[in-house]
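Let's start with one chain on its own, the form predicted on its own, as structure tokens.
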């Protein structure tokens, strides 16, 4: 059976776009590589605040229109559980302001097709201590979790909208999270030069994988990081080195699968 992005020619299903093949039972469809993000409820996304409006924030998530994060859909500082008041609306910019990066979850769709987001869990919220990377949404593989701590001491959030956040390690245990600092704009003061180099190296590895149109998940990022250690950080933007890193990482994944 043919789905979106395909047509029938000589009794064969042929792709009409360059992209990623999706198979659901006998239904075959192709998602274009260069397209806007089309989300589903439950998707983890990384976005940038573009506007503070009445009781809501507008968030760029690489979709056809900005997503909406309602004031009623966030956690209050300290994890306080109560109805949002007029005083909360007056200090909305103390929670999120224009330019802030956030990680959130798609919880619903509005009538005009815009996504409704929420950050009610402590694992969601404002992003700090890291670097932002954008790749085609079709390359980010859907996994059980999109929050990963790599062996090199770097955390990666793989947004299904193609926005990826690479940062210094932050505690994921809810008992270790300081709820008062959830909306702080200050980065950690103890980020070492080694941490910064690891963040930059992981970011360059993700760009190398995207440049070769390879599916991106935590496993292949780890293999790409290992493959990159033989190169100097400043050389990792060279085309031949990016190709070598991506090739070595895909070979390592194939060998692991046997």
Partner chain sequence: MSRAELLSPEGLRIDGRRPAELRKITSTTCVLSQADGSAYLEHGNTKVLAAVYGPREARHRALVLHDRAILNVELNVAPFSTGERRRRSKNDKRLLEMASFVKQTFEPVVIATLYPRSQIDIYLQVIQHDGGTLQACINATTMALIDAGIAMTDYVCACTAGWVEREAAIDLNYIEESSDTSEVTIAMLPKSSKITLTQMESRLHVDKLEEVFRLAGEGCKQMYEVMDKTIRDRAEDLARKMAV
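Numbering follows the first chain given and starts at 1. Fair warning: this is a prediction, and the values are worked out from it, not measured in the lab. In this text, the rigid core denotes the largest set of C-alpha atoms whose superposition between the two forms falls within 1.5 Å.
FYI, the form predicted in complex with the partner chain isn't displayed, but the following is about it.
In the predicted bound form, the partner chain lies within 4.5 Å of some heavy atom of residue 112. Using a 4.5 angstroms threshold between heavy atoms, residue 247 stays clear of the partner chain in the predicted bound form. The closest heavy atom approach of residue 66 to the partner chain in the predicted bound form falls within 4.5 Å. At a distance threshold of 4.5 angstroms between non-hydrogen atoms, residue 28 is out of contact with the partner chain in the predicted bound form. Checked against the partner chain in the predicted bound form, the candidates 138, 156, 106, 74 yield a single residue with a heavy atom inside 4.5 Å, and that residue is 138. In the predicted bound form, 32, 33, 34, 35, 36, 51, 58 are the residues of 22-60 with at least one heavy atom within 4.5 Å of the partner chain, listed from first to last. With the core held fixed, the Cα of residue 238 is displaced between this form and the one not shown by less than 2 Å. Fitting the two forms on the rigid core leaves the C-alpha of residue 33 displaced by at least 2 angstroms between this form and the one not shown.
Note: residue 132-residue 21 Cα separation is 3 Å or more longer in the predicted bound form than here.
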